[in-house]
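As structure tokens, one chain now follows by itself in the form predicted alone.
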């Protein structure tokens, strides 16, 4: 096993000084000096305001930042607790900044957080992204309280996002995970989670830390592992998710490969679980749901269509190994369609995803080549969705996503029968 941060003498000494703690909040980071100070203040304020009688720890697990991120974490504090409506300073708060070891990526950062949580025997944990601009102290209460007071093991985030933000979640990960495992977890790769110390220890026991899970796949791995192993799961409404959003038509091939690859890999681990699921169950939601203002997301529809068209010209020999003749014929026609008529129906898209999952299962092609050939198809589907939802409100877009979930669920039995 690769060396980890928890084995370092200086880290062990700091853990020993703290002894035990009730709550740990982790912030993974890499070159986030510009935004992480706000996140640290929100975390400290949330712990002080909502858990004043608990022993709490903030852990920044950093991936080798060169912009002073760790210095910002170290220097950021709340000097005047009256500013957050507290009459006294809370002394049972500790802060650690640690460079993590292992494969570069969010999963390796989380591993360090899990290890320190286990060493401190914490009851509840949370992790939050380091580029959040919308985080408030209330997020900490909402992510931690269901674990501390209601016995839940996993708290998935639920937030309003711009209709063009989170397209990998909306078109693939959410509807596929929901259809497979039968739990309506809306943001399975949301990035901000609460979980029990028991679940953190379970995560550490799994042999995934030298795989792609250590890069981008950690969020969907955490969610699916919790659901598939019957841990108690809930959701917490956090308001708006405002962070460093990306153009959904930008080059996301690496992230798509690793997130979808992790999702498909989990299907290999839990086939008995997902094959037995025949209906979707609701998942409890904590927090007061309200409408929020959202920042616009820039999209370039023509650029997305051009990327799809280029892929359709170059990747047909790959897609012939994966897709049916009917679907392949449709895609060839779509590549010649003008923007006004560019539309990829839900049933075609779901057939594509299930076909790629089967191809990965059967090892028909090199996994990386296979999944990266999905990128132009995903971009084409995203372009179609943007065109279709151009005049739609947020609730109307959510209804479209619900309809897509219904198609995934309708086509699941046929997919399951073909999975040998």
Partner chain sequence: MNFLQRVIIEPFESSYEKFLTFMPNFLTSLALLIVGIVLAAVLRMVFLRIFRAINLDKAAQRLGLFDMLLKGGIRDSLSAFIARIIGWLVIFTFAVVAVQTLKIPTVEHLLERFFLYLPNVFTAAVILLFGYLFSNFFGRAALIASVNAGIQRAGLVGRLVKITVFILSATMAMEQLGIGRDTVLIAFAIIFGGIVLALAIAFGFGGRDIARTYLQRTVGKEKENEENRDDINPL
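Numbering follows the first chain given and starts at 1. These figures come from a predicted structure and were not determined experimentally.
What follows is about the form predicted together with the partner chain, which we do not show.
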### Message
Quick check for you: of 313 to 321, 112 to 120, 276 to 284, 139 to 147, which stretch puts a non-hydrogen atom within 4.5 Å of the partner chain in the model of the complex?
### Response
313 to 321
### Summary
With the partner omitted here, the residue among 221, 216, 203, 195 that in the model of the complex has a heavy atom within 4.5 Å of the partner chain is 216
### Summary
Exactly one of 103, 240, 78, 168 comes within 4.5 Å of the partner chain in the model of the complex through a heavy atom, and that residue is 168
### Query
With the cut-off set at 4.5 Å between non-hydrogen atoms, does residue 270 touch the partner chain in the model of the complex?
no
### Task
May I ask you to check whether residue 255 falls inside a 4.5 Å heavy atom distance of the partner chain in the model of the complex?
yes
### Query
Though only this chain appears here, would residue 366 touch the partner chain in the model of the complex if you measure heavy atom gaps against 4.5 Å?
yes
### Query
Hey, in the model of the complex, is residue 348 touching the partner chain, heavy atoms inside 4.5 Å?
no
